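Coming up is one lone chain in structure tokens, specifically the form predicted alone.
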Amino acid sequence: MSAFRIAILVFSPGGNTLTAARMAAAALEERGFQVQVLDVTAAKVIADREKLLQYLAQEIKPHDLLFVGAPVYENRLDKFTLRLIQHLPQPGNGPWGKLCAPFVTWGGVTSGISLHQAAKALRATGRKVVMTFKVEAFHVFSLEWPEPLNPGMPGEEAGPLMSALADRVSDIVGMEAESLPDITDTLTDTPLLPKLVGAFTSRVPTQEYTYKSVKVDPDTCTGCGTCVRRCPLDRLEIREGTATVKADALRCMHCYTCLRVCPSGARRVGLAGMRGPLMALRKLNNEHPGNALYTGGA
């Protein structure tokens, strides 16, 4: 079993998906698997195709099963993760294996159509999607609420999911890739409302207009550079002792990582007013369970 190799490719602006990836890796390593967790976020190459391809060529290890993980944005997979998947080399090319498994972290409203989007994109690269999973996580959007949503998640509550994931991987070890079903077309059980919302927001850039911009209080900012180091799109710099946006910066993806990591509380967004609408949508969608492994019934 130890010869079966797994690579986990993860884009995790807020850190939740990386936490889930590391939990999955720990569960798999306990079963004797060789696991690599490759955090594309920290490399800051997600928005540049050439840098991304060079990074992947240098860092990815040979694997039999590829996991690709990312957060959910407005009921869908974020556009940078879709581009990451679309740029993956074809399986059989160097270290790249044919079997794959997308996963997402979500919080607040719904995981929407994200898993189906990821699976379709991976299948389009010539891979076979043999499983997927979702993990409920802390919602960075709720940082300014009196009671943040899903604090400390993912944590111990995701343990049973990770155990089931390791069981499923153990089941497929030694099986011929041709005998395993591709489960992409089974991932269509999303409730109608989040499916419609996710389909709409996957085509219309609503996030660019509905999410509020981060504002920096120059009197509170210490110029420590924490937000500069953590911004996944490398948008920020220290100028005259204060964190500010670069002149040629990409459009903000509204991950609010800078808000989460600022040690001086110099960043504010004004998200408190979103609590009512977001909680209403959460109740309307009523997505349960929060953590789930999908194997297509195979």
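The structure displayed is predicted, hence computed values, not measured ones. Residues carry their position along the shown sequence, with the first being 1.
One more form of this protein, predicted in complex with a small molecule, exists but is not displayed; see below.
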property	result
Among the candidates A137, I85, L161, V129, the residue which, in the predicted complex, approaches the small molecule to within 4.5 Å (heavy atoms)	A137
Proximity of H63 to the small molecule in the predicted complex, heavy atoms at 4.5 Å	no
Proximity of Y73 to the small molecule in the predicted complex, heavy atoms at 4.5 Å	yes
Contact flag, R31 vs the small molecule in the predicted complex, heavy atom cut 4.5 Å	no
Touches the small molecule in the predicted complex: W106 (any heavy atom, 4.5 Å)	yes
Segment that reaches the small molecule in the predicted complex - one of 73-81, 116-124, 178-186, 88-96, heavy atoms within 4.5 Å	73-81
G15, F141 and H254 all contacting the small molecule in the predicted complex, non-hydrogen atom within 4.5 Å	yes
